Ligand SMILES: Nc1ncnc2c1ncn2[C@@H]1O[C@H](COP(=O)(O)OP(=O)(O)O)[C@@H](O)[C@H]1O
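The data below hold one chain only, encoded as structure tokens and taken in the form predicted alone.
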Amino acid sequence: MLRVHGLNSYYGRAHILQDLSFDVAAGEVLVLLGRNGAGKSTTMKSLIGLVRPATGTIRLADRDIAGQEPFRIARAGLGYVPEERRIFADLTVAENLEVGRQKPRPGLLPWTEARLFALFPNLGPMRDRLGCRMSGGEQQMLSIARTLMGNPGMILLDEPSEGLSPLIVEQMAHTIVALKQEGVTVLLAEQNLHFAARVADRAVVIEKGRIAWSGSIAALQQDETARAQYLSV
């Protein structure tokens, strides 16, 4: 579904991503793990076009999307949920969802309000509530739901469990598993290994902009050396 090869990205003169290469299979949940500042969010922003890669290739299915404008990448079928959520505070839940609407894609069952409210039961009763009157967890759910209204074949989730209560984190885990069952490919950036282990098939560990470890999430759980070296605080 996604193939990244030799990705290099900069902030000014700072070389943040250094020759990143990884694949995500269709229907898979892959997690990017690493400490704060490792390069996880920059990877996400490079994939969606908010950071323009200096070199490297990014292929979504059979399409080269490296360096394209974010709206063109979104139209190609890659959804993005930023860490900051970025919902429209002065719009209602229903209006936020409408903003994200795109045409149905061949081979994918279109996302509708009814399907999204089944996936996020908390959102249904607050359809007419303004975004500014929602909790952080509710805003996170709305941000994901709005992205799904674009009917992406693959979705990027940047730190989806960050700052949420344990109950909402549990709901978020169920949501990601449900998305996988719906056939949506998921790439998420996380620091929470326990959360990642609940939802992911494989893990890629990033350290100082480079891939330090990759393999199944089960293998990472058993690799105490890698966890201590790359993930411990």
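Since the structure is predicted, the reported quantities are computational estimates derived from the model, not experimental observations. Numbering starts at 1 and follows the sequence shown.
A second form of this protein, the form predicted together with this ligand, is not displayed here; the remarks below concern that form.
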Quiz item: Hey, of 66 to 74, 32 to 40, 197 to 205, 169 to 177, which bit sits against this ligand in the predicted complex at 4.5 Å between non-hydrogen atoms?
Solution: 32 to 40
Quiz item: Taking 81, 113 and 117 as the candidate spot, are all three within 4.5 angstroms of this ligand in the predicted complex by heavy atoms?
Solution: no
Exercise. Considering only heavy atoms, tell me if residue 16 and this ligand come within 4.5 Å of each other in the predicted complex.
Key: yes
